[in-house]
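Just one chain follows, in the form predicted on its own, and it is written as structure tokens.
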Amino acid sequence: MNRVEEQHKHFMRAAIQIAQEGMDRNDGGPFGCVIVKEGKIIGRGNNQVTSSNDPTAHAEVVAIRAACANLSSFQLEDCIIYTSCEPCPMCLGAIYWARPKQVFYACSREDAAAIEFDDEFIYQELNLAISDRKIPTQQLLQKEGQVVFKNWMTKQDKIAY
């Protein structure tokens, strides 16, 4: 086994250990994540949904927030994410916004579904027309909302991302 592969396994084991520790503390579900840059962990997180009463406090989101704070950046360029489970749709979106160079995961979404963490309904909802989704969603005050968008387009000191 080569050095790079051993390093990937080392960081994945760290993510898995964080998942176990968080679960043992009753922070939330059995999920952990570390974010690595230049061979060093710069962000870590475990699921904290139930302990923080925050449905967005998934391991990947917690780790992304920590890594971005440590880097003083909203981007994770040149970073690798190691997560104990294939990211859910919310976390996948957050990962794409953060723009890391690579993601490794241990358990699959099917493994998660087998222990009653099933996100399949969200994947299915994303493919539906808004009018066909389970949670009623309705557009309201589009023209007023577009004023802010137009202001963004002419804002001289914006930070693009």
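Bear in mind the structure is a predicted one, so any value in this text is a computation, not a measurement. We number the residues from 1 along the sequence you see.
This protein has a second form, the form predicted in complex with another copy of the chain, left out of what is shown; the following refers to that one.
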{"query": "Another copy of the chain contact at Ile64 in the predicted complex, heavy atom, 4.5 Å", "finding": "yes"}
{"query": "Contact of Glu86 with another copy of the chain in the predicted complex (heavy atom, 4.5 Å)", "finding": "yes"}
{"query": "Any non-hydrogen atom of Gly39 within 4.5 angstroms of another copy of the chain in the predicted complex", "finding": "no"}
{"query": "Contact test in the predicted complex: Lys155 vs another copy of the chain, heavy atoms, 4.5 Å", "finding": "yes"}
{"query": "Contacts with another copy of the chain in the predicted complex - residues in 16-33 whose heavy atoms fall within 4.5 Å", "finding": "Ile16, Ala19, Gln20, Met23, Asp24, Asn26, Gly28, Gly29, Pro30, Phe31"}
